[in-house]
Ligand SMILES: C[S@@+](CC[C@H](N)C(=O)[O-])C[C@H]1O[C@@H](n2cnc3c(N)ncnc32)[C@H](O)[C@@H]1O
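Below, in structure tokens: the form predicted alone, a single chain.
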Amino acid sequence: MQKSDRQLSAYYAARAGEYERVYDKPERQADLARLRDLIPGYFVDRRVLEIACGTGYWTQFIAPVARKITAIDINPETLAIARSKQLPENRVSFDVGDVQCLSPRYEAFTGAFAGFWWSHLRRGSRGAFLESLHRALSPGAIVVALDNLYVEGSSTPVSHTDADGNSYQCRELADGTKHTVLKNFPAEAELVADIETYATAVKYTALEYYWVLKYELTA
């Protein structure tokens, strides 16, 4: 695991108890309402693999319509909060796992969701991540990624960019600790280029604060 990955994991473990405060920002409420309507509709009656589920914020909206959802995160601290949510019985399972290198036991899923994970992938790691993810999916599976647009005054400023073009933020938690976090903001063209060899029915949706990328996995 590279240094930036260890830093990211440690940050989200420490942030678990305050993770969902980001959804309280007043200026983002209209966008979030649209997303809560949009995203579950992609997964009706599908077997869904959720990548980096964190505290299960989006799990709770997808689970009622999905046939089954397996939600994975690397941190037990965030998964403990996810498991405490009131979710449909016998429809949701949570696993601790490295989403950048998925276990071979994950297979034949007909949907995949990655909320706020794409931005934490190093630019040079996206191809390997997608290959690992796609091995867990059936042809025709729907893949949906949700992430942040950079909005001055609402987003945490970028503190620096490395030699490979990855950008980073310095974030402070409620206890005063500061963390350096990998956070990229890819443009639409970059996203489409990442998935075009695997994808059909590609749709990119840009809101004011977020973007959504949806595609179907080719055979």
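Quantities reported herein were computed from a predicted structural model and do not represent experimental measurements. In this text, residue numbers run from 1 along the sequence as written.
What comes next is about the form predicted together with the named molecule, which does not appear here.
Residue heavy atoms within 4.5 Å of the named molecule in the model of the complex occur in exactly one stretch of 103-111, 137-145, 84-92, 70-78, and that stretch is 70-78. Residue 12 belongs to the set of residues with a heavy atom inside 4.5 Å of the named molecule in the model of the complex. The shortest heavy atom separation between residue 133 and the named molecule in the model of the complex exceeds 4.5 Å. Proximity of residue 43 to the named molecule in the model of the complex falls outside the 4.5 Å heavy atom cutoff. Contact annotation for residue 204: none of its heavy atoms lies within 4.5 Å of the named molecule in the model of the complex.
Across the proposed site, 23, 52 and 99 without exception bring a heavy atom within 4.5 Å of the named molecule in the model of the complex. Residues of 111-134 that come within 4.5 Å of the named molecule in the model of the complex, judged by any heavy atom, are 115, 116, 117, 120 in sequence order.
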